[in-house]
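Shown next as structure tokens: one chain only, the form predicted alone.
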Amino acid sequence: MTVAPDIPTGRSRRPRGRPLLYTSYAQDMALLDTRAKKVWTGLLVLTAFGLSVVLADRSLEVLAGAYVLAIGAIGLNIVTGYAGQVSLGHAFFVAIGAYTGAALSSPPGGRTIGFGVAEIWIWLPAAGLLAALAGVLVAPLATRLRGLYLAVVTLGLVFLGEHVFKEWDALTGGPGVGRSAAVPQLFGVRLDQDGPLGTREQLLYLLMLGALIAFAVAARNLARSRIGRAFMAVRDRDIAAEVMGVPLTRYKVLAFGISSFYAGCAGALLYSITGYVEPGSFSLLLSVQFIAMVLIGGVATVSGAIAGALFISLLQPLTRSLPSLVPFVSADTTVTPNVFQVETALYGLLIILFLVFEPRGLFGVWVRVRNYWKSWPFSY
């Protein structure tokens, strides 16, 4: 009597002890493809939420800002890391989102433009969409330019936007004056004030953490979709991708639009933490910060962008404390050297060091450590 062999199906399970043996396409493309990733990701998320009741309010505010910067870094990673389009104008799209959210949520009839729409579920998507529209308008340049030429054009957006925002007093309040930022209000509940659900810092921390998780999952799903594979094909060899049927113009425009949407949402959320936005904040230094986050964290990885944003954000409190530790470093911007000049030089130094010694960034360091312990005690 013969026994019919088992026929593998899409729901077949992995044999025990073989976590990387995939028997279906769905397993290979899963968001968390191993049990270890599921467990550690769950523990990491629970720990992040648990920090809201453990850390002091000042620490929660710093982490909330880091989470928002991570959203912007993920957006830059989409257009630069995944699609291969060099962009130095990220600060311009962050500014568009910041002022869109501020104008929509501010009360009308004041010193600056306001429409009185304080609900976050209205002004946050609107900020992202308006920034995405600006990105789509700029994107056709990416189809004609590449490399250094595209970088210079996007760099020009920063200086153009800086001039426009400083001169448009009705929207921005003017340089040195500024205006109130977007008001984080959800179904009538102000999240920037102490309430029965927690302190102001706790509420903002949970809001930014939830936003980061949503944007990170969306970016990870995008990267493993058809669109993400088209982005990577354009990045690796655009001529070969076009020969295979990938429309370059469509996907380059789409990459800039999605990246700008992330930047706009990050800008609207970032300044809702401080409650104040000033046009001088959107300088070239902000774009350099985002580039440093991507390169230090790891290009073309969502987790690397988050790690880079946390690294840079937690580095700032250390550099701001330099005047009390190093006498010749001043906190006054009119004195040389000052903490802001030290920060700029430090960003450049870190970018050079990581590009030379660890091009894959902090994500590459994590991969090395993980592979070492997976093969321990063997060296291969």
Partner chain sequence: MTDVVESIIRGLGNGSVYALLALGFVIIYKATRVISFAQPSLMLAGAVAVSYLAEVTGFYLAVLLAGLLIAGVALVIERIAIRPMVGRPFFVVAIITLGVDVVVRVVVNAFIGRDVRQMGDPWGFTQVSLGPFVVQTRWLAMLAVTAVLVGLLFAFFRYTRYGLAMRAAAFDQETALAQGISVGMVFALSWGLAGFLAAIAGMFVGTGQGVEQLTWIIALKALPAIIVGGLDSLGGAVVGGLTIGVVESLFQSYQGQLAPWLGQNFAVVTPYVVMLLVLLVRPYGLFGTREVERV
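Because the structure is predicted, anything quoted here is derived from the model rather than measured. Positions refer to the first chain, counted from 1.
Another form, the form predicted in complex with the partner chain, is not on view; read the next lines as being about it.
Comment: the partner chain is not present in this chain, but in the model of the complex one of 212, 273, 206, 288 has a heavy atom within 4.5 Å of it, namely 288. Exactly one listed residue, out of 45, 355, 314, 30, brings a non-hydrogen atom to within 4.5 Å of the partner chain in the model of the complex: 355.
With the partner omitted here, the stretch from 250-258, 289-297, 220-228, 198-206 that lies within 4.5 Å of the partner chain by heavy atoms in the model of the complex is 289-297. Annotation: in the model of the complex, residues 141, 145 and 351 each come within 4.5 Å of the partner chain through at least one heavy atom. None of the heavy atoms of residue 115 is located within 4.5 Å of the partner chain in the model of the complex. The closest non-hydrogen atom of residue 107 lies beyond 4.5 Å of the partner chain in the model of the complex.
Put simply, residue 345 is close to the partner chain in the model of the complex: some heavy atom of it is within 4.5 Å. None of the heavy atoms of residue 111 is located within 4.5 Å of the partner chain in the model of the complex. Along 51-88, a non-hydrogen atom within 4.5 Å of the partner chain in the model of the complex is carried by 80, 86, 88, in order along the sequence.
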